[in-house]
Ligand SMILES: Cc1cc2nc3c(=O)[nH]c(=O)nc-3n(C[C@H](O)[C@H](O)[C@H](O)COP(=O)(O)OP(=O)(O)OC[C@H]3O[C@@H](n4cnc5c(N)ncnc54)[C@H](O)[C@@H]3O)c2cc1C
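First comes one chain, alone, set out as structure tokens in the form predicted alone.
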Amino acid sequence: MSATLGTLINQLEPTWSIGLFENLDKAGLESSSPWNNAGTGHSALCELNYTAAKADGSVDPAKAIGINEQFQISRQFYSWAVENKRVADNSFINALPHMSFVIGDDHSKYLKTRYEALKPNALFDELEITNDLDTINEWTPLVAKGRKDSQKVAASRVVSGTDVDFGRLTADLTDSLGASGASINFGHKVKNIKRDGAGWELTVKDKASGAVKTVKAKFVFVGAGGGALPLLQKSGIDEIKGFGGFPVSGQFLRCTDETIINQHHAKVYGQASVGAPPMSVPHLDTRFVDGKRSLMFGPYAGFSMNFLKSTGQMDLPLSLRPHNIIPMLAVAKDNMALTNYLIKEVLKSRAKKDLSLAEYFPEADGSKWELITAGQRVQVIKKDAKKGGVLQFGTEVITSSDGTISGLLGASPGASTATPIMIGLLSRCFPKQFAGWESKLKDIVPSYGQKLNENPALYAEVKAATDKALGLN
């Protein structure tokens, strides 16, 4: 998010000074790291939680269409970044089919209903569906081989999905920002943010030397992942009151056998368990990290009071405030299914983890998979007039009333929608300048201001251009 915002501001107002402060020694090592997030170009092609069935069994495609529209904006930004040398090359993104796979009669019927709701839309016109095991074997052999013919299964697929190494993309954008004159400060921890007249004063510690300095800014964006909540709380803005965070950790199984890795070329997403948070949807996932192909399965959710992998167990208790205790208690009371799910996940043995893998890869040999720790996610808790508080499984942009400070809370779909989220932030925080920026924004995002799903001809044109620039043909 921060690298995207900095890149946009640098392009729109090249004379403005930009400073970036990162606690770790490199860019993109926390939530943007390919081992810490789904790595999917989230466009709702295969993620079933974006098209949950209603009580009557119907499926509303609106949320999926909205997320896909957002990712199309990100794709255009990526294309512009490649063509304008804002990234080293296009190797951070790879073409990869996106699949949904379900087991059982009820889930198969749901997948068909989902297909029928999405297929008529321009953004989903490539969607295919099958309940034929031989066809699934052609699409993704590891999922089909060893599976009983009597088992009712179904799968849908879009061949033109993508895999994105967001860690690589973040590092490239940050390098380009530095080359364009921005001050890039790694190993610097922001300890405090406070009002300074019409702007802000940041207290920043150089971790290597121990030196502490103050930095003054007219505008601040807090793009610290799970660390955003405590920093926004320190700012004292009214808009953060009532917000809390619920951390969820996770693990993945990563395949160590190259012969198995090379047999799978897809992102295969399944159905979430009852009570599971959306980012815990199981997936057998081809991933490209620094250009190397890999294979992962998971995630297995857990609980840790850390808000980031690099921070400590006091993050959750230190985030408690008088204004967010009631929302957090209300969420605890109303989300017992989630609590039970997390307890079961924490207690799940390695053998049971291997059994979960076997549901998607029947012939899996657990000895050829290593267990790795995934990233931390902090789900948004916010006050609610009726319930006292609600747990939100999305992203939330917090902006002060004067637009001088903003930050992002939450997780999925996250990085995939960074570009439209940051453009929206610019419109809120810089209303006087924004109208004058729109022509430059259209250079970056040619479809800016239009809905591609409502204009199939424009969608085809934009997709062809971005595919070419990104090497996805």
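One rule holds for the numbers: they count along the sequence shown, beginning at 1. The structure displayed is predicted, hence computed values, not measured ones.
Just so it is clear, the following notes concern the form predicted in complex with the named molecule, a form of the same protein that is not shown.
For the marked spot (70, 241 and 391), a heavy atom within 4.5 Å of the named molecule in the predicted complex is absent from each of the three residues. The stretch from 380-388, 331-339, 396-404, 216-224 that comes within 4.5 Å of the named molecule in the predicted complex, counting heavy atoms only, is 216-224. At a distance threshold of 4.5 angstroms between non-hydrogen atoms, residue 157 is out of contact with the named molecule in the predicted complex.
The named molecule in the predicted complex is not approached by residue 458, whose heavy atoms all lie more than 4.5 angstroms from it.
Interface residue remark: residue 188 is counted as part of the site for the named molecule in the predicted complex, having a heavy atom within 4.5 Å. The named molecule is not drawn, but in the predicted complex it has no heavy atom within 4.5 Å of residue 51. Checking 429, 408, 65, 445 for any heavy atom within 4.5 Å of the named molecule in the predicted complex turns up a single hit: 408. The contact residue chosen from 369, 269, 297, 246 relative to the named molecule in the predicted complex is 269, the criterion being a non-hydrogen atom within 4.5 angstroms. Heavy atoms closer than or equal to 4.5 Å to the named molecule in the predicted complex belong, across 413-446, to the residues 413, 414, 415, 416, ordered by sequence position.
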